[in-house]
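The chain below stands alone and is given in structure tokens; this is the form predicted on its own.
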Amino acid sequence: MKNRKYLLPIAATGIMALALSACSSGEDAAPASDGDCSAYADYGNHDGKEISVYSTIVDLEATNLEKSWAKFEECTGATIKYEGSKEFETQIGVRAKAGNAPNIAIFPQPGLMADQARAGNLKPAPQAVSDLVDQNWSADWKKYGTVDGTFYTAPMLANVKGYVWYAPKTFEDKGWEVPKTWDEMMDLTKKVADDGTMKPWCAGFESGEATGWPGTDWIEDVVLRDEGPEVYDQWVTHEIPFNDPRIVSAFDTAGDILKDDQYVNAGFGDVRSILTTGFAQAGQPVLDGQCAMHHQANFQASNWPEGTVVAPDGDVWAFMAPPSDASKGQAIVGGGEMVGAYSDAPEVQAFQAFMASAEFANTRVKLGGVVSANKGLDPANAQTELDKDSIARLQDENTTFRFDGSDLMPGAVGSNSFWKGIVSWINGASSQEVTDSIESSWPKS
């Protein structure tokens, strides 16, 4: 028998209200069973209840996700039935339409979540979940879970894009300094090229049917850093056209690196080899001494060979792609998952509150491999120096955070014409031609 500590049944709204005080302490929660359910008591008794959860998360990450809510199951009596699938993006809508939706869906893209909300399939988040998000996340994050003025989904985990990976020893030996502005990064790029011992950059945009997506990250970085959050927001919501001159300029700025054979693609070939180089392997020339820099998100840490030391004095480390103007402060493009519900049953709402809590964030981050923007997360629970760096950036009140633009755009653009446009662009099409084409693909309704 599991050792559980229960409260007497109370109204679901009471459970949610009490969850605020129980789940926002930021204290660690070990996934191992220690018999102490005090941190979970206010979620109530849901013995015998089953909560189905569906997401894109598979393999080791799925195993760790299930470990992170094992204590919730033990202490509430609920059973979480989890299903991870790479077909989630196409199947979630099919299931909802057929009346076979999960109780909880973990959305990787706010745009997909918004489609489900507008179709009337998602339940608005309980007030307690909304309050937890107000307490534990910046307003930027809550906005991505809100559709037409109604809050539906709480943030879960996060990733930080825009890191530039390099070998500290190489920089030290060559006397190269980490740039503080985009112009300084371009000066360094030219200096590396002139040195002649390696190419400045290595890149890989190949990702099967999703080939091109790493290139969208480059464009998003430049738009946010050059034009600021207001223009970025207007771009992703189509308040300005995709071929606005400022967006065309962003393509040109990124192209100053990515479309110059003198600057790319170390270890793989010319510019066009970017499209045949797998994104997970593209950074290897940094370790091999063939290239100086590689642009990729924090999850690049898991792409290095086993035994690679990721640290400021290790084999590889990373700096954030710098702003055009150092006085503008730090701007980050990132991504993450959003937890939404197709049911408003008490046990489902209790689980939503747990997933929005600092308790969950600390438990999952302690298991390794992920970070969260939850302000109740103790950075000491991060398993690597890079994770600690990412968390510090996400928790910094001076950080301007914007969600990955392609994930916010309609699917016909963000996961279709934008990706394909990057392929055409690397193959030689001009920034104007590509942005004109993407603009023409934007849904009219």
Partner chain sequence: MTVTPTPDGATQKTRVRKSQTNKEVTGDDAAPMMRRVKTKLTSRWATAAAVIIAVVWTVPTFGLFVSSFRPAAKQVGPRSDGWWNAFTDWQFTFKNYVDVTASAGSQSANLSQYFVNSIAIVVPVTVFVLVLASMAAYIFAWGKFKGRDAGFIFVFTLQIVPLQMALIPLLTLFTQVLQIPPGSYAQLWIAHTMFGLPLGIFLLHNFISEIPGEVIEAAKVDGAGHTTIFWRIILPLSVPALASLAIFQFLWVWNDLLVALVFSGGTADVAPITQRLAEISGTRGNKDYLNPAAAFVSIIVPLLVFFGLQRYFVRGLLAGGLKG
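Residue numbers count along the first chain shown, from 1. From a predicted model like this one, the values you see are computed outputs, not experimental measurements.
Another form exists, predicted together with its partner chain; not displayed. Remarks below refer to it.
A residue is said to contact a partner when one of its heavy atoms sits within 4.5 Å of a partner heavy atom; Gly307 fails this definition for its partner chain in the predicted bound form, lying far away. Its partner chain is not drawn, but in the predicted bound form it has a heavy atom within 4.5 Å of Asn159. In the predicted bound form, its partner chain sits within 4.5 Å of a heavy atom belonging to Gly99. Contact check for Asp36: no non-hydrogen atom falls within 4.5 Å of its partner chain in the predicted bound form. Taking a 4.5 Å heavy atom cutoff to its partner chain in the predicted bound form, the contact residue among Asp387, Glu61, Asp404, Asp42 is Glu61. The contact with its partner chain in the predicted bound form, taken as any heavy atom within 4.5 Å, belongs to Gln281 out of Gln262, Gln127, Thr79, Gln281.
Contact with its partner chain, judged by heavy atoms within 4.5 Å in the predicted bound form, is confined among 143 to 151, 283 to 291, 339 to 347, 186 to 194 to 283 to 291. Contact with its partner chain in the predicted bound form holds for none of Gln135, Tyr166 and Gly334, as no heavy atom of theirs lies within 4.5 Å. Taking a 4.5 Å heavy atom cutoff to its partner chain in the predicted bound form, the contacting residues in 63 to 93 are Thr63, Glu66, Lys81, Tyr82, Glu83, Gly84, Ser85, Lys86, Glu87, Gln91.
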